[in-house]
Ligand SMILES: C[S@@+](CC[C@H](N)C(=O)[O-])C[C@H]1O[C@@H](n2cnc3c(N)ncnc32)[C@H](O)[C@@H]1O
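The chain below stands alone and is given in structure tokens; this is the form predicted on its own.
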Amino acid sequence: MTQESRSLVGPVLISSRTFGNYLDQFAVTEAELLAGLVLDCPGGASEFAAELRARGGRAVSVDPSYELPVDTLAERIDAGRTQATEWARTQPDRFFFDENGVWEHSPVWERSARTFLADFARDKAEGTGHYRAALLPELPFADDSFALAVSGFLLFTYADQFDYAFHLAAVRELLRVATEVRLHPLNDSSGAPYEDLERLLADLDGVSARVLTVPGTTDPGENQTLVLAPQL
């Protein structure tokens, strides 16, 4: 299958990547995550923030889907996992299915989603504020509220659905609320590199940028992460 024939995943998914996925795709260690308050935006249905808190860290997750009731959100998560699996099935050069037709990511993402849903339901009941319903590029936080913001599988993954103005505004907003921002991956869901990356970096005045090579947690080709921070 050629790059040109690869398909886009479609509507934005609520995904359930694991804590280990986050460590790999954002090139961070557990010790680094424990150093300060972390923003996960969009948090989707990942176990990441719940697992980080279980290890003694502090994290807040942001996603527009958090306005939904728990049962409705659970249905949306299941539908998203089905959508992603059927899409992956059409691209055997990128994704591995076992002899029973099970995508390698499905079981672990399902477990991640269960961890998330239990923590999300507890947060709803107790009002701890660990999950906030909000939508980039407007976040309900003061400047420099977070030591680190991680944003995975949104901005460039769905480059066909969000224009350049949105990307620039979203990244600026993440930089407003966090001392450091890490974005992953730097390609869309078909694997094509984000074509406006150089333009984006040029428009981010006073910001330092590094591109890190990381393990591809879904597709081996998704192996780059962008690290942004205000220049000192």
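Keep in mind that this is a model prediction, so the values were computed, not measured. For every residue, the number given is its place in the sequence shown, counted from 1.
The form predicted together with this ligand exists for this protein as well; it is not shown, and the discussion that follows is about that form.
One residue of Gly56, Pro193, Pro64, Pro69 in contact with this ligand, assessed in the model of the complex (non-hydrogen atom, 4.5 angstroms): Spelling it out, the residue with a heavy atom inside the cut-off is Pro64.
Touches this ligand in the model of the complex: Leu135 (any heavy atom, 4.5 Å): Output for Leu135 is yes: heavy atoms within 4.5 Å of this ligand.
Contact of Leu148 with this ligand in the model of the complex (heavy atom, 4.5 Å): Answer no; every heavy atom of Leu148 is more than 4.5 Å from this ligand in the model of the complex.
Partner proximity in the model of the complex: Val12 to this ligand, non-hydrogen atom cutoff 4.5 Å: Output for Val12 is yes: heavy atoms within 4.5 Å of this ligand.
Close approach of Phe120 to this ligand in the model of the complex, 4.5 Å, heavy atom: It does not: once this ligand is placed as it appears in the model of the complex, Phe120 has no heavy atom within 4.5 Å of it.
Contact segment among 123-131, 85-93, 99-107, 151-159, judged by heavy atoms lying within 4.5 Å of this ligand in the model of the complex: So the stretch in question is 151-159.
Residues within 4.5 Å of this ligand in the model of the complex, restricted to 19-33 and counted by heavy atom: The one in contact is Tyr22.
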